[in-house]
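Shown below, as C-alpha cells, is a lone chain in the form predicted on its own; questions about how it binds or moves come after it.
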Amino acid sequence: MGAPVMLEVDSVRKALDVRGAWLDVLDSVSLSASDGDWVTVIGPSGCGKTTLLRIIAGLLEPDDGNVFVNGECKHRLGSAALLPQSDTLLPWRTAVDNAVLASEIAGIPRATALAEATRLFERFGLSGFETMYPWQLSGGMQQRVALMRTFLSGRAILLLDEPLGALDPLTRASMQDWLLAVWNELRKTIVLVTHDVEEAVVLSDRLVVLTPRPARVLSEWSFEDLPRPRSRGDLAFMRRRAEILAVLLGGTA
C-alpha cells in the first residue's frame, strides 16, 4: 500500500470581492498530496496560488468543491501550518522565542517547545543564534527561523508561500538544498507555492501548473525519474525545466 492521502483538493472554485466587484480566482482546481509528499504549485502572478493555500489552511472557504485535510472536510482551521509570503518575525522576540511562537499558540507546553527548538537550531544551522533578535540576523537566517517556526507547529502538513522569494540567487540556491535536506530528515507533507521553475524541479515530488486567473490545472508533472539530490546542470534536469517553462509561456499542456 502507498502512503495515506493527507490532502485532497477536489474541484475547488473561489471568487473574491475586489473593490466591490466579484473576481473569479479559482476554477475547479484539484490536487492531492500523500504523507511525506512534496507538491509544488506554480503559475502566473495573480492566478490564485496564495488563495489556494489559504483555502487549504481553512482561512477561506471554497465557493464550490471540497478540501480534505487528514480526511476531514470541515474544521480545517489549524490542521495545516501556513507560512505566508509576507511573513515577518516579531522584532521584540529573540530567534528562539520567534521559533516557538506557533507551538505556544497550538498549546504545546513552552518547555517542550523550547527543547525541540534547541534540537532544531543546530539542524537549521542556527546554533549560537538563539538569543539574537531578527535585526541581528541575515535574510537567510531570518527565513530559517520562520521555517523552523512552521516545522515546530506540530502540523503534519506545511503550506509554504514563496518562502525563499526575497533572497538573492546564491542564498536562494543554498537554502533550497538546505530545505530539501531538512524535509528529507523530518518528512513533513509540503505544499509549496513558487514562481521559480528551477526551484520546483529541485525540490518537488510532483508539480501542479496553473493557468492565468481564474486558475485551472494546466498540467501535472512527476519527478520520480529524477533521483535526489538533483544536479541543476544535469541534462535531464535542464530538459524538464525547459519543458515546464515552455508550458507556462505557451499556456497549453
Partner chain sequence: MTARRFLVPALLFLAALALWELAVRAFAVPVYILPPPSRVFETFFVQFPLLLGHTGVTLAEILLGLLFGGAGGLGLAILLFYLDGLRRAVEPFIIASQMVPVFAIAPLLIVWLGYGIWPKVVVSALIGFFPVAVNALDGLRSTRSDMVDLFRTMGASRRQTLGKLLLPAALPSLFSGLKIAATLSVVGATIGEWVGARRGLGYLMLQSNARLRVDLVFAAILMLTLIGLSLFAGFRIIERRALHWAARGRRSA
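A quick note: this is a predicted structure, and the numbers were derived from the prediction, not measured. Numbering follows the first chain given and starts at 1.
A second form of this protein, the form predicted in complex with the partner chain, is not displayed here; the remarks below concern that form.
Engineer: Only one of 165, 154, 84, 140 gets a heavy atom within 4.5 Å of the partner chain in the model of the complex. Which one?
Structural biologist: Only one option qualifies, and that one is 84.
Engineer: Since exactly one of 89, 126, 113, 179 fits, which has a heavy atom within 4.5 Å of the partner chain in the model of the complex?
Structural biologist: For this set of options, the contacting one is 89.
Engineer: The partner chain is absent from this chain, but in the model of the complex, do 59, 93 and 101 each have a non-hydrogen atom within 4.5 Å of it?
Structural biologist: The answer is yes; 59, 93 and 101 each reach the partner chain.
Engineer: Give a yes/no on whether residue 147 approaches the partner chain to within 4.5 Å in the model of the complex, heavy atoms considered.
Structural biologist: Residue 147: no, not in contact with the partner chain in the model of the complex.
Engineer: Heavy atom to heavy atom, is residue 105 within 4.5 Å of the partner chain in the model of the complex?
Structural biologist: Heavy-atom contact with the partner chain at 4.5 Å: present for residue 105.
Engineer: So in the model of the complex, does any heavy atom of residue 80 sit within 4.5 Å of the partner chain?
Structural biologist: Yes, residue 80 is a contact residue.
Engineer: How about residue 133: is it within 4.5 Å of the partner chain in the model of the complex, going by heavy atoms?
Structural biologist: Residue-level check for residue 133: yes, a contact with the partner chain.
Engineer: Choose one stretch from 93-101, 165-173, 113-121, 179-187: the one whose residues place a heavy atom within 4.5 angstroms of the partner chain in the model of the complex.
Structural biologist: Of the options given, it is 93-101.
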